[in-house]
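Encoded as structure tokens, the following chain is the form predicted alone, with no partner shown.
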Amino acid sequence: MAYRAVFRCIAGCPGEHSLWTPIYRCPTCGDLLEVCHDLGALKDRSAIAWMRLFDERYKRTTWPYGSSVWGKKEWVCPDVRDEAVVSMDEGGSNLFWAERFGRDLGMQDLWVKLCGNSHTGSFKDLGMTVLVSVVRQIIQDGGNIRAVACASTGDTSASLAAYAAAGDIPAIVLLPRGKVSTAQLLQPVANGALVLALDTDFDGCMAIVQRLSQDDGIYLANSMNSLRLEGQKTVAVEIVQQLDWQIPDVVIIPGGNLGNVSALGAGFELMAELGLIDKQPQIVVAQAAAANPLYLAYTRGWEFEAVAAQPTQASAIQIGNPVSVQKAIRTLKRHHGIVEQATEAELAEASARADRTGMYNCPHTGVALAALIKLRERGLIDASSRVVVVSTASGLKFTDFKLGYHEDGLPGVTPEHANTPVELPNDYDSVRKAIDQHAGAH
């Protein structure tokens, strides 16, 4: 059976568009596009057969199926030739049983999907492998693509630069100057991308990169290009696979540009359509209070208005006019969605509190954990629920955030879990005394 996928308008306009044509919006109405698969062809395999196939491929060495994205190639982008795939063994990240943190919240079935355990340290790799592989095949087939470009708050640029470098494709990155961590800035610099630091915020960078993508030969790599979301939707499939093909009750996702919301929703919905699962999880989106347009829309019955995003430690989701908002709202309506927000103090304390149980969270994961704490306190998440929190990036990218917290240097945050090194002379008795005092405090 031949599998195929095409772009279609999310608003339902007639017609379909080739994945091999640089197109990002519906030419009829201007709305976003989404990748649609031939479900009839996919149903040629039973649910059991799909599960068996994905389990047989999982983290094996046969190219390109060892990647947990390309191990689900038929559900992602079936027409990509294996020799065009640019992969760095993305996916397969730890579904961490947050036993101690869950116990603190009165929960026994809390999990954190560590998507930051990836080549460039964020979930963006899952989508970028798909997009860059498609671009590579277009170029191999004689298409006119001179460079791939993105606007970014850090993680997208790192992922694009790495995958483009591996695929020998020029990359252009637009960053808001002074609004990304040093580690995030250095990643695309090291991988050889043209890095343009603009005196604006992410929304300003996004406006310019959309104009650039209208020029001949500049291919857009942001999540409004739904090829990215095809890779990201495999997070949903992988979560269920790692839970022995059982569905969680609640999934909590940090929300910025909001592509991940519809991506995971699409993954769960495709599994249901093909019979692998028989229910849908509730989806919760967590936003920083400083950049909360979706939260405000949720409180107004989904009436959306863009906002001017304010500074937040969760810099990757400091977005006031998310491109994928309508896709996200559609997904939330189908998944009994809740949107919650977290202040700077709440996200910092949640991150630090979780770190004390063995994690090492990025501030965006702190937003999601803070939302979990607030929803538990209000009784909107039951103690018996199986909950998965999606951790989007490695805490190692945000050393300044961690250091600022523990040295009491974050604006608006009085740290409750600060833990700084104790400086002592080279003296055994001083060391022994400090150890005894520490033990006594616990």
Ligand SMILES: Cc1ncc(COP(=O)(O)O)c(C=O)c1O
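So that there is no doubt, residue numbering starts at 1 and follows the sequence shown. Quantities reported herein were computed from a predicted structural model and do not represent experimental measurements.
Below: the form predicted in complex with this ligand, not depicted.
Contact with this ligand in the model of the complex, judged as any non-hydrogen atom within 4.5 angstroms, is confined among 392 to 400, 28 to 36, 378 to 386, 55 to 63 to 392 to 400.
For the three marked residues, Gln137, Tyr163 and Gly231, no heavy atom of any sits within 4.5 Å of this ligand in the model of the complex.
Although the partner is absent from this view, Asn257 contacts this ligand in the model of the complex, with a non-hydrogen atom inside 4.5 angstroms. At a distance threshold of 4.5 angstroms between non-hydrogen atoms, Asp155 is in contact with this ligand in the model of the complex. Using a 4.5 angstroms threshold between heavy atoms, Ala354 stays clear of this ligand in the model of the complex. Proximity of Met206 to this ligand in the model of the complex falls outside the 4.5 Å heavy atom cutoff.
Put simply, of Leu264, Val85, Leu220, Ile317 only one has a heavy atom within 4.5 Å of this ligand in the model of the complex, and it is Ile317.
Along 108 to 144, these residues reach a heavy atom to within 4.5 Å of this ligand in the model of the complex: Phe123, Lys124.
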